[in-house]
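Below you'll find only one chain, the form predicted on its own, shown as structure tokens.
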């Protein structure tokens, strides 16, 4: 049975967060940034000096952590603290993969994300939403763009957030995106989502030549 949700997947820097948040506001759906939840756990682990390669420690930390989206999803509260800006720092971005790979962490957060989506119509974005978290979502979109475009967008986003001097080099960002693409598209849910999109079972939307406003309008049109 389909559920009234918009699920958006895509690789690093594809603009998922920007598009999903704006679409949620216009549709009056709840916005749920699943990637932010993993980022927040990584941020907390870094602050507590927990070894991010220790899956058992990360899983235990997950059990003692609370996540809450407020302001219609624009703000993430971690244990009651607003971490929306802090979790976007490059040093967090570069370590979030450890939280996302931990099986115990994923099991806990996927269950929580499904619970959130069941409570009210939602726009949920991440890297396995269309295939693992919400495969029964009424609308499923795979959002992508050329690696060079995604690297430039990420660089501009970091500059806006004041992180331009920390890991803001375009060539470095592009190398990181290409490395993540190689990993993401060789095996796993992101590869599965792309395969389904290329088969026409999920809507494939390449935004390389589109402005953010045009992408958001297209997503709204798909839903409406």
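Between two forms, the rigid core is defined as the largest C-alpha subset superposing within 1.5 Å. This one's a predicted model, so the numbers in the text were calculated from it and none came from an experiment. Residue numbers count along the first chain shown, from 1.
The same protein has a further form, the form predicted in complex with 2'-deoxycytidine-5'-monophosphate (DC), not shown here; the description that follows concerns it.
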task = Answer for residue 84 alone: is it within 4.5 Å of 2'-deoxycytidine-5'-monophosphate (DC) in the model of the complex, judged on heavy atom distances?
result = no
ask   = Any chance residue 96 has a heavy atom within 4.5 Å of 2'-deoxycytidine-5'-monophosphate (DC) in the model of the complex?
value = yes
Residue 100, heavy atom within 4.5 angstroms of 2'-deoxycytidine-5'-monophosphate (DC) in the model of the complex = yes
query = Does 2'-deoxycytidine-5'-monophosphate (DC) come within 4.5 Å of any heavy atom of residue 129 in the model of the complex?
reply = yes
inquiry  = Based on heavy atom distances of 4.5 Å or less, which listed stretch (192 to 200, 60 to 68, 47 to 55, 177 to 185) is in contact with 2'-deoxycytidine-5'-monophosphate (DC) in the model of the complex?
reply    = 177 to 185
query = If we fit on the core, is the Cα of residue 56 displaced 2 Å or more between this form and the one not shown?
reply = no
query = Is it true that residue 44 shifts between this form and the one not shown by 2 Å or more at the Cα, once the core is aligned?
reply = no
inquiry  = Given a core-based superposition, decide whether the C-alpha of residue 66 shifts by 2 Å or more between this form and the one not shown.
reply    = no
inquiry  = Taking the cut-off of 3 Å or more as given, in which direction does the distance between the C-alpha atoms of residue 154 and residue 52 change in the model of the complex, closer or farther?
reply    = farther
ask   = Given that the CA-CA distance for residue 95 and residue 183 shifts by 3 Å or more in the model of the complex, does it become closer or farther?
value = closer
